Ligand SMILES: Cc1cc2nc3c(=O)[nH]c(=O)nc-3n(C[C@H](O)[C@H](O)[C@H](O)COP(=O)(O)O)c2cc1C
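Quick heads-up: it's one chain on its own, the form predicted on its own, in structure tokens.
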Amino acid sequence: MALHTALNELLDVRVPLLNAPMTPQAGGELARAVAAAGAFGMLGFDEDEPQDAIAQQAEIVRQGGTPFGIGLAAWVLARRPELLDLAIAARPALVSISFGDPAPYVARLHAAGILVASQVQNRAWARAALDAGVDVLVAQGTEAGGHTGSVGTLPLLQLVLEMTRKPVLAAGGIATGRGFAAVLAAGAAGAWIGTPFLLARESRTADAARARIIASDETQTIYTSVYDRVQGKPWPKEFGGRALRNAFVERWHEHEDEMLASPQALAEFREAKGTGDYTRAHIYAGQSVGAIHAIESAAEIVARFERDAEARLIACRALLG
């Protein structure tokens, strides 16, 4: 038995699963390893990463010889339009444009033979993505790590599936084969997985951050704008960031204006980020963090998702009597 959805043919994969294009964690090594394991590797383009570094990461994944994708944020493209040129030059099979309207970019990507996906966080963004002509929608629930919306994965997935026959992926809170099987059973064409890949050996996650992730449970995340505000990153207000709780975010959450008026707070964060002190610096992670406990290879992560989802779906046959 094997998992099979519309995504298998669309992206030429054995396992209808993608790693989220987390920045900076989803570099070339992670995307290449995920693709080599039979799933679909995604490379994240960080808004602050220099062009030569981005090109280097793209070359790493391209050398793997398997199809891969690149994730971009629409608001970042508006500030750095050259990133679209870099993405097209890397010759990916798929480009994801999220957190804003993908419409200005879809025609050019399609002309280059590249499929387009978009993460959507509510009905309005799903409608915008469909009107823009994207090929794949990603229903991203608030359980997800990093930047996301405020609607849960399951309510959002049901809503988006009713809106289109195009492939819809589920994102947010999926950490095991059980979760993978659940969204496939609901009608998703695949899963977009972030937090579990933070612990992949191939990810660009700092060792100290890995230790904090392993020590955390599902209650220890917070949906906040503290880290965008303290870093001066102009993320649209509707997209907060889900991060692990620590002393810094506990102090300044919902007091961001006061934080920005405090030179001491700003200096404290800069120092923590520079030294990798995650009692104050941020680690973006989703609510599924409580289900991941060890560092593994990307291949082991993909294999476990595939194996456990297959077993769960086979077991579900008994529900039909």
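The first residue of the shown sequence is 1; numbering continues from there. Just so you know, these numbers come straight off a predicted model, no measurement behind them.
There is also a form predicted together with this ligand; it is not shown, and the following applies to it.
- Listed stretches are 29-37, 281-289, 254-262, 49-57; the contact stretch with this ligand in the model of the complex is 281-289, by a heavy atom cutoff of 4.5 Å.
- For a residue to qualify, one of its non-hydrogen atoms must sit within 4.5 Å of this ligand in the model of the complex; none of G100, Y105 and D135 qualifies.
- Residue L198 is the only one of V95, L156, V183, L198 with a heavy atom lying within 4.5 Å of this ligand in the model of the complex.
- None of G179, G149, G146, P167 but one reaches within 4.5 angstroms of this ligand in the model of the complex through a heavy atom, and that residue is G146.
- Shown alone here, P21 lies within 4.5 Å of this ligand in the model of the complex, counting heavy atoms only.
- Although the partner is absent from this view, G240 stays clear of this ligand in the model of the complex, with no non-hydrogen atom inside 4.5 angstroms.
- In the model of the complex, G190 stays away from this ligand, with no heavy atom inside 4.5 Å.
- Using a 4.5 angstroms limit between non-hydrogen atoms, V160 is distant from this ligand in the model of the complex.
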